[in-house]
Each structure stands twice: as structure tokens, then as C-alpha cells.
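The chain below stands alone and is given in C-alpha cells; this is the form predicted on its own.
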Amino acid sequence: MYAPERQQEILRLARDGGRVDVVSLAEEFQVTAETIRRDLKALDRAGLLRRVHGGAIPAGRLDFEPDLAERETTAADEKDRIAKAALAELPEEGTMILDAGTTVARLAGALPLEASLTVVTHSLPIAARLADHPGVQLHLIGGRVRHRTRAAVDAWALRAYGEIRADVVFLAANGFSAEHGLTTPDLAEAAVKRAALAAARRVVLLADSAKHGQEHFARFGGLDEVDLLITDSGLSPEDATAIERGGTEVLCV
């Protein structure tokens, strides 16, 4: 099968199923994963598909959001490195907000037992990880829980974040760029992220490099509102320099 024929079939599968993934396509067409990535890149450039973590979705579907289990296994090594680096940003005996996100959840799981912190979160998975931590005073923000992310949203959550002031927030995003800022697929989740961002004196964004340049439906802040971006070495030096020109420090690990 020639590349144009394969790409046409990939496009049909994406439209029929709502998304395609690299591994399944490589098996289906008996080609390498790298060949499929080139196909997806070509379709993305043509405006026919939009690349996402591990695959692609039909163009225009900016509301697509992978479930929690899928995001847990995506870029796992990179997320572990980012979480480890973020430990250096913990406020000593201070207060911090942990946003809902799989990289931030890894940070929660890596907190040293000797840490003495007040932690606020609207993420049920993060709260569950920290509930038995001996040095953490845990505050769980309430609200309607989104099934896809297990995060509390809506008025209760917004009101609670409006009443606190933390030393630092460790923020998550589905997409980030200097041009389009911080984005996520869901409006309700974006509103809570915006409130969490405003509730802290220092903002640290934890995001793997694959999210750079991704643009989703709901914008919740500008990259210039972030004090420090911790990402992996997949972010090019040129992109890191462009981000730092906007006033955000970049740490690639």
C-alpha cells in the first residue's frame, strides 16, 4: 500500500472511530510506528487530523479528552522526571495547591515522608494519595466531580479557591504555548484551574513537551502568568527560549 492510500484509510478510521492511535495503526498496516507518525504528521499539516498524545483525532475536535487511565500511561518516564524536579519547588512548611493532572499526581506520590506541608486540591486521586501522609495537612476542595478526570468543578470549587492564598500552585494543562496560553478541553475544569492559578503567589506548570503547541477548547491563562515551566528535554531550545522571552523560567529535565 502506498503512503497516500494508507493515509486515506487512516483518515477514514479516525472519522469513524473518533480517534486513532499509533500502535494500533502500525499493527493494522504492518508498518513501523515511525511510519505512522509521519503519516499523522502529514495529515495534521493538511488540516485533516489533529495530533494528540499517542495518535490523532479528526480536525476540529478540540473538545477531545483522553480518560485518566490513558493519560496515566502516556509519557510516563517524562512525567516521573518532571515530578522529581518539582520537589525542589516545594515550599518549606508552606501551603500549596495541587491541580488535577497525572504529572501533578506523580508529584503528590513523591512527597517525602518528612515533608511538612498544607496541601489543597480538587483532585480525588491526589487526595487519596495524600490522605495517609503523616506530614500533610490535607484540604479537599468540593464540588461536582467530573468522571473523566475525577476533579471537582463548578461553584463550590470556585468559591473555595476564592477564599485562600497559597505559596505555590503546581498546575497542569492539556496544552500550552506562548501564542495560545494554557488550555484544556472542558470549560468547567478550565474555570477551576483559573481560580487555582489566581489563588497562589507562585505558579509552577508541570507539563511534558508533547503538550507544547497543543491547543484545546477552553483557555484558562496565559503562559506569561507562569513563573516556572518544568518539562522534559523534548522541548526544543528554540521553543524554550521563546517561552523565556515572555518572562517564564523553563527547566527541561
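Counting begins at 1, following the sequence as shown. What you see is a predicted model, and the numbers here were worked out from it, not measured in a lab. C-alpha atoms forming the largest set that superposes within 1.5 Å between two forms make up the rigid core.
The form predicted together with the DNA exists for this protein as well; it is not shown, and the discussion that follows is about that form.
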Worksheet item: Of these, 224-232, 192-200, 34-42, 206-214, which stretch puts a heavy atom within 4.5 angstroms of the DNA in the predicted bound form?
Response: 34-42
Discussion item. Does any part of V52 reach within 4.5 Å of the DNA in the predicted bound form? Heavy atoms only, please.
Written reply: yes
Worksheet item: Could you tell me if L11 has a non-hydrogen atom within 4.5 Å of the DNA in the predicted bound form?
Response: no
Item to complete: May I ask you to check whether L25 falls inside a 4.5 Å heavy atom distance of the DNA in the predicted bound form?
Response: no
Worksheet entry | Contact test, all of S177, A178 and R219, partner the DNA in the predicted bound form, heavy atom 4.5 Å | no
Worksheet item: Going through 1-19 from first to last, which residues have a non-hydrogen atom within 4.5 Å of the DNA in the predicted bound form?
Response: M1, A3, R6
Practice prompt. Align on the rigid core first; then say whether the Cα of G213 has moved by at least 2 Å between this form and the one not shown.
Written response: no
Discussion item. Does I10 shift between this form and the one not shown by 2 angstroms or more at the C-alpha, the core having been superposed?
Written reply: yes
Worksheet item: Core-aligned, is the CA shift for D21 between this form and the one not shown 2 angstroms or more?
Response: yes
Worksheet item: Are H147 and R50 closer or farther apart at their Cα atoms in the predicted bound form than shown, with the shift being 3 Å or more?
Response: closer
